[in-house]
Ligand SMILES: Cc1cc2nc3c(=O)[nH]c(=O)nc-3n(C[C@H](O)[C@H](O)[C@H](O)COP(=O)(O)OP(=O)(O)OC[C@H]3O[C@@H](n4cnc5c(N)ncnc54)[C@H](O)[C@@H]3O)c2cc1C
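Let's start with one chain on its own, the form predicted on its own, as structure tokens.
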Amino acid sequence: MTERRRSHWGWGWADRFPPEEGLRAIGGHVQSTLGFAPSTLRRPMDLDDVVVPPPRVTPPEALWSFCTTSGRDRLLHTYGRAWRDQVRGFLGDFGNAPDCVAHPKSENDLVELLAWASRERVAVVPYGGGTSVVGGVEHPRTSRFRGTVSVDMSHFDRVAEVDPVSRAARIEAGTLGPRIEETLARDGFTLRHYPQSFEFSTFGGWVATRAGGHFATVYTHIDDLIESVRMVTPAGLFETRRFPASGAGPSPERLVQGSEGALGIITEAWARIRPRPRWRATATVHFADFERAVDAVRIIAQSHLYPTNCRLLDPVEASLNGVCFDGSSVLIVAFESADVPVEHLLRFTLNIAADQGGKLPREPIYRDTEAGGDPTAGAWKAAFIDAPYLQSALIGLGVMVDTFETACTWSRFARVHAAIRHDVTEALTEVCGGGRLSCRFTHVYPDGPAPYYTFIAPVRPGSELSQWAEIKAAASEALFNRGATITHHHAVGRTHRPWYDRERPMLFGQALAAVKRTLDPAGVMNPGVLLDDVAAP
């Protein structure tokens, strides 16, 4: 049997990229749905035809048991899976490949690797599943470094320990989402953290990027599930103690969460787990007016009902994902519990929605098994999982599809949303000749929503990256100028750095740089992410 391979340039499995007839069919659907015709039909450069530059540095003999300078291995660790990463990979541009790839099998391997990198001025870029969409695993090309090494954490791939009494698990950083769930399920537990990248992303990557997950309320980020962390830094081991909570000063765990590999390499963490849910209640609500739908979601978020799922799709988002085609905004709301039935919670929620003009196209689904479900929610879930594959396919048709997300207070949302619609639509028209913009809420809080935007537009072959940069800048400026955050759960990376630098307090930036100098004196850890190159004097 042939081993299934990950794509060397696009999302997920290589065999999911459609053949030529499939691309033509997608192109026809794009034209009928979006109103513009794809500009081209191209195939990605074959892996065997890609040229990778020779390595600039070679690890010492002591590291060769887990390091390689293989061209193929270096190529596969060049980029994340942002749209601009995929475009460069599609075109066969891997000039930014790391000089070496390390596959450490132990923390001692990491200690030796970081010592060599610090001594020899080699930048170190941690690599989990390679699904970053903000340039988080890209390799710096500056004169300060002799080369770069990508540190692949795939050997750290176990749920090492389960504490069923305290409901926690010790999980190694390189463990993929499906493996976590499969292992915990044996004892009747679940982590219940499902980012869109779940199949290919790692636990350590979730912690390092403060990833958003399954729950629309309360436990929205991986932060909310972490008890303690363990991280290897160039200055030594950074390990926190397990507590359910503590009031002892600033939290050391929070320093690691969101550090994006700039301070060290996370090797494991203890995470809060829960029994697998038995009772579920799901419904879909249609609204003729988006503003009233937003009001309904705000009231639900402030009601202390805490739905597990509370996704609001605007009419464009609903249409693009095959959920609804009549111009309605669609709210998908769900509750789940391992302990008690949840029908009453859904009924209260539907009463709130009805007060704001919401209509039920079908009866809610109540069940106490894994089987069955709301067909609208099922359609949305399928589209959600397949969206990254479609994004890759559309590159071959000259169509740009990308996303950005944010969070803001409810009192600011109307202004933020209006500014986004105006500024990004204007930029799409000016830069691309047109396009579509959609919005959905991924998570909601009592004090504000987390809106997530998708833009789709035709691009000119050869100008894809410059056109993308203009659209991204227009969106980011609109967010910053209206008091919304530059990212809700996609991390900072290199893409969001200009706006993150302006968003964070100046003194906090200086304090963070001082922490980095302590943990990473030579400044080799993922330079350019979160901070400019920082090295001790």
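Note that the structure is predicted; figures quoted are calculated from it, not measured. When you see a residue number, it is the position in the sequence shown, counting from 1.
The following text describes the form predicted in complex with this ligand, which does not appear among the structures shown.
Select from the listed residues G358, G89, P449, G129 the one whose heavy atoms reach within 4.5 Å of this ligand in the model of the complex. Flagged contact: G129.
Listed residue that, although this ligand is not shown, lies within 4.5 Å of it in the model of the complex (heavy atoms), from R81, R436, R192, R298: By the 4.5 Å heavy-atom cutoff, the listed residue in contact is R81.
Given that the partner is absent here, state which listed stretch (182-190, 408-416, 262-270, 140-148) has heavy atoms within 4.5 Å of this ligand in the model of the complex. In the other structure, the partner sits against 262-270.
Each of W11, V133 and W206 having a non-hydrogen atom within 4.5 Å of this ligand in the model of the complex: is that the case here? Yes, because W11, V133 and W206 each have a heavy atom that approaches this ligand to within 4.5 Å in the model of the complex.
Verify the contact flag for K472: yes if a non-hydrogen atom of it lies within 4.5 Å of a non-hydrogen atom of this ligand in the model of the complex, no if not. Result no; K472 lies far from this ligand in the model of the complex.
Exercise: P234 in contact with this ligand in the model of the complex, heavy atom 4.5 Å: Residue-level check for P234: no, no contact with this ligand.
Close approach of T284 to this ligand in the model of the complex, 4.5 Å, heavy atom: No, T284 stays farther than 4.5 Å from this ligand in the model of the complex.
This ligand contact at P458 in the model of the complex, heavy atom, 4.5 Å: Because no heavy atom of P458 falls inside 4.5 Å of this ligand in the model of the complex, the answer is no.
What residues, if any, in 164-198 have a non-hydrogen atom within 4.5 angstroms of this ligand in the model of the complex? Stretch hits, in order: A173, P195, Q196, S197.
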